[in-house]
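First, one chain by itself in structure tokens, the form predicted alone.
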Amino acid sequence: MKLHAEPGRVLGKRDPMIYGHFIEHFHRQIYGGVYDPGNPLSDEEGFRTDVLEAMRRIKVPVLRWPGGCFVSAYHWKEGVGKERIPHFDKAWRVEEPNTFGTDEYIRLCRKLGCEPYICTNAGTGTAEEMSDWVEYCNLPSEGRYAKWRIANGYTEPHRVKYWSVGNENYGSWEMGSKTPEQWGMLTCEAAKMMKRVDPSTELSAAALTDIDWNVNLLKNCGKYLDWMSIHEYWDPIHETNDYADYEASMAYTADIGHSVRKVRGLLEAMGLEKQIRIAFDEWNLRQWYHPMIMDVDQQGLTKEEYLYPRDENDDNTKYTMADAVFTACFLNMCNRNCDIVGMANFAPIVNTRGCICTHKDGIVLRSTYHVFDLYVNYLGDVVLDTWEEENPVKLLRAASGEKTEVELLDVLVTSFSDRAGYAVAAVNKDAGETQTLTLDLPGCGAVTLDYISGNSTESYNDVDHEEVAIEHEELGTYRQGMQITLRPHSVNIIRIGC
């Protein structure tokens, strides 16, 4: 494939929050994950230092919490103060001890240097309860909730800028699910009260690509919103854990940006595209495995049926180059839509399908972790318009068994706002063949290649087993028409000095 780009044709500057993450009170994401008091690897406040170090390496810019489905029956007041009140989590059918609550979450964000992003309970909660949470976090001293925070040892406000009204409240699986009409009205009242507590907050609301849902939301509440929250998991395996293989995973990339395209179109039709951006604040290739819990007709009766199977999310052999290549394609899509996609949150960051997996003696950095490392630390922040010649295509078998046409190369060209040079993200989806990328870019200077590929599509990392890591090559001096060989199933960052 021949790739063309011009430095004067700029799509925009990407927001670093597209490399954001998410963490929920599910399985081992919080307890035994990022928060593990008593573990020798934890600090004096109970946070795993090895997890924090790994999160700092990929410069987590924003961390969404506490859910997820968990939040739709979560009452934040039970998780602050000296007396923590455990409750039965009806979303995941476990007891939540509430030892990790708002203040612990804020301390985590401060340790990481990232922005907190709180998702509120719009299922069983009320508009007042949501705005009370803003009072607790953001008011200096006025009212009972700011005074409660001060009494809990936090004299200064937490200054939480980003808030979401609800999580997937359109879904029958969610506690307190709503109709489109109900959702528009509740979101309006919640947003009104939250903005009156702190007008500087930026508000998101649960949305999807459904026209009725979004029109009701935007007609009722558009003037209060800064963001539209959308979610997507492509491999629907929450009941079966039956992973799509590499070929089917690549088939999912054929139209990876369809949700963004549809929401963009609606915002433009309603004249809101300059006011409201998209927060793709839950995404991953594969759904989390939690069988016999979401469908009321198929509820598990024993923990052996619905709880213990969740441990299969910890099987590191399942997180292969398929996950890595898909992740890179998604991040390329977000970069190309940087004018309207301002945030994205990989779900989750720790354990379950996360890019970091904990065990009692350390962590495993899964293949997807190294994709974030490449994009955060090697790629530029100014996205250039590109055009391509002869991108090879292949018919791939989708999970449904149907064949779909997929372009084998997914390429993004960036420059840097603080220095000269270019960085090209080049993804080769082909399972077994190298591909040649011909660069028609202005430039000079040294060319380097940093990439991940593993020995096969099934390469993975586990305890004392590392097959996927960032490799580095020096490719000499850049020349117009330079050809780069991209390994099969690889994610590559090509940097060109000037």
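No experiment lies behind these values; they were computed from the predicted model shown. A residue's number is simply how far along the shown sequence it sits, counting from 1.
As for the form predicted together with a small molecule, it is not shown, yet the points below apply to it.
The small molecule contact in the model of the complex: I256, any heavy atom under 4.5 Å
Because no heavy atom of I256 falls inside 4.5 Å of the small molecule in the model of the complex, the answer is no.
4.5 angstroms heavy atom contact with the small molecule in the model of the complex for L409:
Although the small molecule is absent here, L409 would stay clear of it in the model of the complex, with no heavy atoms inside 4.5 Å.
Distance check, W288 to the small molecule in the model of the complex, heavy atom within 4.5 Å
Close contact exists here: in the model of the complex, W288 approaches the small molecule to within 4.5 Å, heavy atoms only.
Going by a heavy atom distance of 4.5 Å, is S204 a contact of the small molecule in the model of the complex?
S204 lies outside the contact set for the small molecule.
In the model of the complex, which of 137 to 145, 163 to 171, 394 to 402, 414 to 422 comes within 4.5 Å of the small molecule (heavy atoms)?
That would be 163 to 171.
Which residue among I363, L307, M185, M294 has a heavy atom within 4.5 angstroms of the small molecule in the model of the complex?
Exactly one residue meets the criterion: M294.
Residue among W213, Y378, Y233, Y154 with a heavy atom within 4.5 Å of the small molecule in the model of the complex
Here the answer is residue option Y233.
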